[in-house]
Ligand code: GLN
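Presented below, as C-alpha cells, is a lone chain in the form predicted on its own.
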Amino acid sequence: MKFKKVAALLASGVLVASLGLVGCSGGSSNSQSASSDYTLVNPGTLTVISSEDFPPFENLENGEGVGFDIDIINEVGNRLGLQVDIQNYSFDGIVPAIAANSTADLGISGITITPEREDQILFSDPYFDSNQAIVVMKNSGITDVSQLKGATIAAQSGSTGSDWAKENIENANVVDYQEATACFAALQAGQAQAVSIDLPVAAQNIKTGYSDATIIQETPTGEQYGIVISKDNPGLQAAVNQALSDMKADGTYDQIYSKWFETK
C-alpha cells in the first residue's frame, strides 16, 4: 500500500506511511482533462468492485462501504467527473472480472501489485505500502513462526498472505477464506492456529474486535497496492494515475490517510 511506508502506527505501532506531500486539500480539475480516451461499463459512472471485508481499507458498516480505499476511489471518481458505483465482490474474483472488461471498470481492495496479476490486468501507480503479519491467540503459547510447523493457517483466498504462508511455514495447512474478517473468527474459534494477512489489516482487527489476539511476526515484504484496470482500457489507467498524482500534490491523499490511520 503505497505513497507511504508501513512501519509503525495504527494502535499497535505497526503502520506508518511516507509521502512527502504538500499543499492544501481540495479537488482538482486537472484529472478530468488528463485523458478521456477510455470506456466505461456504464457511461457517466465509474463502476468499481471491492471485497468489503478488509478493514481499515474497505468494510461494510450499516450496509454501506467505508474505509481508506473507499475514500480514495470516491475521490478519483470525483476528479474524473464521474458518479462512483462500488459493488461488493469476492476478493479472488476481482482480477479475473476486471480482466474480462465487462463487469466493472476498476477493482480496489488492498490488491498487491505482482507480476502474476500484471499478466492479466493493468495496475495504477501504487497508492499504499504494506507488509505481512502472522497473528495468533495470546493464550496459545505460540511466540515464533517456527512453532507453526504443520499448523492450520487461515488466510484470505487469492491473497499474498495465503501465498506467504504456503511458501514459508513448513507443512502448513493453509485454509483460505473468502473474507479476511472470517480468518480472525476462525482463529478465535480454534479452527486455525494463526492468521497470515496484511500487517495493517491485522493491526486493525486486533484493535477493533480481536484484542485476545496478537502479532508474533511482521514480515517486510515491501508490497504495494494498486487499483486494477483492464488491459483494454489504458486510457482509464492514465486518468486514474493523474487523479492519484493530483491528490498527492494538493494534500488530499494525506487527509484521507490521516482519517483512517493517524487518528485511529
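One rule holds for the numbers: they count along the sequence shown, beginning at 1. Because the structure is a prediction, the values reported are computed rather than measured.
There is also a form predicted together with glutamine; it is not shown, and the following applies to it.
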Of the candidate stretches 105 to 113, 168 to 176, 145 to 153, 184 to 192, the one with residues having heavy atoms within 4.5 Å of glutamine in the predicted bound form is 105 to 113
Checklist entry - With the cut-off set at 4.5 Å between non-hydrogen atoms, does residue 91 touch glutamine in the predicted bound form? => result yes
* To do: Check whether residue 68 has any heavy atom within 4.5 Å of a heavy atom of glutamine in the predicted bound form, and answer yes or no.
  => no
Any of the heavy atoms of residue 158 lying within 4.5 Å of glutamine in the predicted bound form? yes
Across 114 to 140, the residues having a non-hydrogen atom within 4.5 Å of glutamine in the predicted bound form turn out to be 117
